[in-house]
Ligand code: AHR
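We begin with a single chain expressed as structure tokens, specifically the form predicted on its own.
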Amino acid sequence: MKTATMTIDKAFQISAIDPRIYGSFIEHLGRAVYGGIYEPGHPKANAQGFRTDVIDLIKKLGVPVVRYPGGNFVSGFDWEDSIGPRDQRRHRLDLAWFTTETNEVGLHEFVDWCKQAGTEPMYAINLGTRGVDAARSIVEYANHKGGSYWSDLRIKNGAKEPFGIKLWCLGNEMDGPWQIGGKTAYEYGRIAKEAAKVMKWVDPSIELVACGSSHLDMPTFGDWELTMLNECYEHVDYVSLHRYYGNRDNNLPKYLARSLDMESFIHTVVAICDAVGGKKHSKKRLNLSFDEWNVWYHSNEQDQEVWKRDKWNRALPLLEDIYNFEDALLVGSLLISFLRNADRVKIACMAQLVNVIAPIMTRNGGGAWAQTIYWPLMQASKYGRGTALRVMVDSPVYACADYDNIPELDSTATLQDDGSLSIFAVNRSQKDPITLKADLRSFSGLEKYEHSVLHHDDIKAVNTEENPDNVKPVALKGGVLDNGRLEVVIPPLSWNVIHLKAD
């Protein structure tokens, strides 16, 4: 049997973990809103039309922040359409996703839903077709107490107290030619700066995310960050990163190594941010918001058929990836990457939350269930709080077309505030279990542990409404914890959470 060794010392701390790395995303796209979180008339809908079965699944995820209302959608969105009496709200063509937006769910409804789901909104403003004036107005409407036009209109619309939205995105993927109102790096940097200025003049407590490159393969990647940050560096708090992965060539070893791509992306953007800060002699340090990430490729062909058939209809079934077990393994490694970079990655949003490339699926009029990728996110959110630790791991390695020296055991650890320790591990090996020998002697009082494993013999196994527990974590027995040394077996192709409890 193969062996990996691990040394964990409580003094080797990376950073406090910002819980917002376990965030998610709801866009007015597909059935994320209509048929996802909102379905009036459903047997489990509450008085506001929100599905309580979906809310229950979201609460178990422990999602601290949800990005809204887009996404590509936001670059053609007039926020004023989403307030006031529902029967007076405009129906608009959404040019991002070729559907019709009815605005039945708007700003007030979404804020109410966030409270019910135990989360906070992360609101994206339109810097595509709109600009500085709309940016200051929406902050005034949402966050100013009263005594001004927009804040008084919020009160008139039924919300006496401010919404207190603290996290704002300055547009979405503004470098993309697919984006409505896309811009050059200089154009975007200028408008982001001016929008940021007035938004913070209205509410100095808010935090702002500037658009980084839409993805790592953009031809302008790097130059985009350098140019736009040269304009707005001192006025923003985070730079966004977006990245999606797929296994189109059905190459499992290569697919499970894609978290190395994410880490390289993170390290490069951090270096650019620090270079701009150094150039400006700034004392400010920008952090990262990885506010779109996931597996996305299963539904691509299906979406083209939907558009051919139903273009401009409401709530089309778009981007409805059905995730399998191998997707859950990669998601586990991507979460490990966030923890390893917790000193700079402070926000991350799995895109998206319900139905649209999502951990939760629903059937209109029917059930709601957890997809395979739900479980790593849920367990990381539950056990990956507190402080991220720098873990020394000596693992067997393998190579593939894109990478050499890929650790078969991808692992990290966190220290909770109550003194408990969590080890997260993905065994990338297709055949071999790995005996993990961990030296934990710097921690006192760790006398018992629980080992949870997510594994399925069929790498393509999925969860369905009829069989929602087909891929689900189970408890694993048989390890040894003695005098600060832990020895457990990590099964091949598995996501593992080992939670050691302090006495």
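Here the structure is a predicted model, which is why all the values come from computation and not from measurement. One-based numbering along the sequence shown.
As for the form predicted together with this ligand, it is not shown, yet the points below apply to it.
| request: Name the stretch, out of 103-111, 123-131, 239-247, 426-434, where some heavy atom lies within 4.5 Å of this ligand in the model of the complex. | output: Contact-bearing stretch, as computed: 239-247.
| query | So which of Asp321, Glu173, Glu225, Asp410 gets a non-hydrogen atom within 4.5 Å of this ligand in the model of the complex? | reply | Partner contact (heavy atom, 4.5 Å) among the options: Glu173.
| query | Which one of Gly71, Pro376, Gly384, Pro359 is close to this ligand in the model of the complex, taking close to mean a heavy atom within 4.5 Å? | reply | After the contact test, the surviving option is Gly71.
| With a 4.5 Å heavy atom cut-off, would you call Gln352 a contact of this ligand in the model of the complex? | Result yes; Gln352 sits at the interface with this ligand in the model of the complex.
| Non-hydrogen atom contact Trp296 with this ligand in the model of the complex at 4.5 angstroms | Although this ligand is absent here, Trp296 would touch it in the model of the complex, with heavy atoms inside 4.5 Å.
| query | Just to confirm, Glu27 within 4.5 Å of this ligand in the model of the complex by heavy atoms? | reply | Looking in the model of the complex, residue contacts with this ligand include Glu27, since a heavy atom lies within 4.5 Å.
| said: Contact with this ligand in the model of the complex for Trp178, defined as at least one heavy atom pair within 4.5 Å: yes or no? | reply: Flag for Trp178 set to yes.
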